[in-house]
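Here we start with a single chain on its own, the form predicted alone, put down as structure tokens.
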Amino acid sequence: MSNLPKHLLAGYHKFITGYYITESDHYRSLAREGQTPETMIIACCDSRTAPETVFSAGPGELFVLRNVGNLIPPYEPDEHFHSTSAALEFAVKALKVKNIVVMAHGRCGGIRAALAQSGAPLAPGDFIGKWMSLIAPAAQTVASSSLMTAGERQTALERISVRYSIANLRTFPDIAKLEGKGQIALHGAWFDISTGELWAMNKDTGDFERPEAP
């Protein structure tokens, strides 16, 4: 007897008797020919912000990497394990994606942890604290501002984290080279869970703006 939670089995049954039936030919094609997504999305692990849902994407359309706070570490080729960098390497070198989108979101728990600098670690390893230290300089600056409310500080750092991650993407030699040749484009976005609004980062100014419908 399966040990999978019942709600997962119920969800799978709904998938296999509904959506899969209408998309079975597409799934067989993907299985036979492999994946060729043009866009990689780097998003947060937060269960409320699935990129496939936000962008109404079907199977094979997006290559998605999710981690706490949608962060990209700088390029560090060493003997340690680098899951985020490994995903980037595969997307850029094997899949040859044309776009990389860093998508942050409102009410991010990782960002909240970065702002609460005096907060106790969740566990002795403090993996979240160490990971979010990637944006520690910005977090310290934003947290010290008495001119913003707590909500404004949260949103500010969420959006700043996107700019940090895009800057770190450019430390990867292959990405920097491809961007310089116009063969890959880096994008930033911020999704508001409460309203469903998507804000896109202006590549020239760094400001976040509401994009027009295509």
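Quick caveat: nothing in here was measured; it's all calculated off a predicted structure. Just count from 1 along the sequence shown to find any residue number.
One more form of this protein, predicted in complex with another copy of the chain, exists but is not displayed; see below.
| said: in the predicted bound form, does Val101 come within 4.5 Å of another copy of the chain, counting heavy atoms only? | reply: The answer is yes: Val101 has a heavy atom within 4.5 Å of another copy of the chain.
**Contact test in the predicted bound form: Ala50 vs another copy of the chain, heavy atoms, 4.5 Å** = Flag for Ala50 set to yes.
Can you tell me whether Glu179 touches another copy of the chain? I mean in the predicted bound form, with a 4.5 angstroms heavy atom cut-off. No.
Please check if Ala116 has a heavy atom lying within 4.5 Å of any heavy atom of another copy of the chain in the predicted bound form. Ala116: no contact with another copy of the chain in the predicted bound form.
- [ ] Any residue of 152-173 with a heavy atom within 4.5 Å of another copy of the chain in the predicted bound form counts; write them all down in order.
- [x] The stretch touches the partner through Glu152, Ala156, Arg159, Ile160, Arg163, Phe172.
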